[in-house]
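One chain comes next, on its own, written as structure tokens: the form predicted alone.
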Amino acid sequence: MINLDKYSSIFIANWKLNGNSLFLKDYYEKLKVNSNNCTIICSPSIYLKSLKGDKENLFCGAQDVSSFKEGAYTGELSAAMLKDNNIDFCLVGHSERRQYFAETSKNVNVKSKNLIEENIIPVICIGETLEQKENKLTEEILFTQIKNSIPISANQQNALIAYEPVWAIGTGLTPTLDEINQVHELIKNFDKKYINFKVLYGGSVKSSNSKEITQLNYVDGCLIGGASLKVDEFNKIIS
């Protein structure tokens, strides 16, 4: 298992439904990995075999995994298949999966458990909508998602948590630095089990705000969406 404690920060590029073979070639030619940090590239599944990693500071990641281990489930990719393709990290429960594909916390729990069994680190995503935030339900929603999404087998060495307020994803809106830090502190103190978990922030992260975010006491890195598609911008973030 990868020693997550040795990294100053963890940065994950989530390309979502973007990219092609030429994009990958150009991206890796220009990518400048910081030796103090852990950098993970999560591509669409068709390009997983083309991702490059050094097992030291640069790793390969998937955007999702099946909740099934094997069987008659056309179109699915199992955790074992991801492992067979050199994948070390996998996003689970991303807000877009929850919103557009009816992903439940129960599914996230099963997927995370399967990944851990294959020594793949799940990046378990949680976050509240704008309506929930305005109704002061952030704490309740996050605690419910943590309780139901994170399997018993998860610990600070084999799993990551990513807090991504749904209302901040792709909107250009971000919580204040104090709000981000307070929510991350809240997550880590939900139960003594989570105190040493690394918690990443996701939601309109870019080079102009990433440094301030990653320097917060309770933030251990960032999950980057749109900004990660521009390699020069991503290089600034991970530097």
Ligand code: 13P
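All residue numbers are counted from 1 along the displayed sequence. This one's a predicted model, so the numbers in the text were calculated from it and none came from an experiment.
There is also a form predicted together with this ligand; it is not shown, and the following applies to it.
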Check each of V205, I40, L200, V65 and return the one that places a heavy atom within 4.5 angstroms of this ligand in the model of the complex.
V205
Looking at I120, I169, L142, A154 here, can you tell me which has any non-hydrogen atom within 4.5 angstroms of this ligand in the model of the complex?
I169
Is I10 close enough to touch this ligand in the model of the complex, meaning at least one heavy atom pair within 4.5 Å?
no
Evaluate K230 for contact with this ligand in the model of the complex, applying a 4.5 angstroms cut-off between non-hydrogen atoms, and reply yes or no.
no
Is the gap between G226 and this ligand in the model of the complex 4.5 Å or less for some heavy atom pair?
yes
Using a 4.5 angstroms cut-off on non-hydrogen atoms, would K111 count as touching this ligand in the model of the complex?
no
Work out which of the listed stretches, 143 to 151, 90 to 98, 72 to 80, 128 to 136, brings a heavy atom within 4.5 angstroms of this ligand in the model of the complex.
90 to 98
